[in-house]
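A lone chain, given as structure tokens: the form predicted on its own.
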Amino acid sequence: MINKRLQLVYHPDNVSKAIIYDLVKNYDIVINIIQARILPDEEGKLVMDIKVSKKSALDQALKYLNNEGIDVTILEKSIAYNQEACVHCGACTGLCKAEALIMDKTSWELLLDQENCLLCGMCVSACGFNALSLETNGDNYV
């Protein structure tokens, strides 16, 4: 089983297409949508986890997305957390809607749950001590 986290960018002219339906139906991909903002006549973004049984099915699905004009980035990496630089101020936790960053209520230290991270980068800009950095050098299939 192949697991990937993908970011899709929809251009305004293709937001009305049933892209996710086609991925499930035609490529037998299990999809869990993590975050989505898709509105009529605007550029939209969607982050999702996928599970697919064969690499050939993944390749065909990525080709389909490319042909439909969807920009795809495979998010291979994650937030890097430098504990030595962190002062545990919690400024990042207020911006983390996925609750991937939380303060331990006993020790008041910052905790990072990579599985919940949406790679939005909001925490990186909130940290004045450069304790967090975004590493999203995934493969682009544009």
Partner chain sequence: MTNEKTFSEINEKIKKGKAVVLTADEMSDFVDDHGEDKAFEEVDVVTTATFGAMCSSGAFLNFGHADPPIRMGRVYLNDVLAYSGIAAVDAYIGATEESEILADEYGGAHVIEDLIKGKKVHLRASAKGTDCYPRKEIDTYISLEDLNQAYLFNPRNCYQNYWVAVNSSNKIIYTYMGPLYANYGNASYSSAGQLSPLLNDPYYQTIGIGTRIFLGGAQGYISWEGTQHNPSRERTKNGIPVGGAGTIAVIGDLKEMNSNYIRAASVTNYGVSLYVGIGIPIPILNKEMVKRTAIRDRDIDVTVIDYAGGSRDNPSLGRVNYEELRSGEIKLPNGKIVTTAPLSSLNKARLIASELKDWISKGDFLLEEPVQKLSNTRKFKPIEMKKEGALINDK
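As the structure is a computational prediction, the values presented were derived from the model and not from experiment. Residue numbers count along the first chain shown, from 1. By rigid core we mean the largest C-alpha set that fits within 1.5 Å across both forms.
If you look for the form predicted in complex with its partner chain, you will not find it shown, but the lines that follow are about it.
93, 108 and 127: each with a heavy atom within 4.5 Å of its partner chain in the predicted complex? Every residue of the spot touches its partner chain in the predicted complex.
So, residue 39 and its partner chain: in the predicted complex, are they within 4.5 Å at any heavy atom pair? No, residue 39 stays farther than 4.5 Å from its partner chain in the predicted complex.
For residue 51, is any heavy atom within 4.5 Å of its partner chain in the predicted complex, or not? Output for residue 51 is no: heavy atoms all beyond 4.5 Å of its partner chain.
Partner proximity in the predicted complex: residue 45 to its partner chain, non-hydrogen atom cutoff 4.5 Å: No, no contact at 4.5 Å.
Would you classify residue 84 as touching its partner chain in the predicted complex, given a 4.5 Å non-hydrogen atom cut-off? Answer yes; at least one heavy atom of residue 84 falls within 4.5 Å of its partner chain in the predicted complex.
In terms of non-hydrogen atoms within 4.5 angstroms, which of the given stretches 24-32, 60-68, 111-119, 94-102 touches its partner chain in the predicted complex? This holds for exactly one stretch, 94-102.
Once everything's superposed on the core, is residue 66 shifted 2 Å or more at the Cα between the shown form and the other one? No, residue 66 moves less than 2 Å.
After fitting the core, residue 12 CA displacement of 2 Å or more between the shown form and the other one: It does not reach a 2 Å shift.
Relative to the superposed rigid core, does residue 83 relocate between the shown form and the other one - that is, does its Cα move 2 Å or more? Yes.
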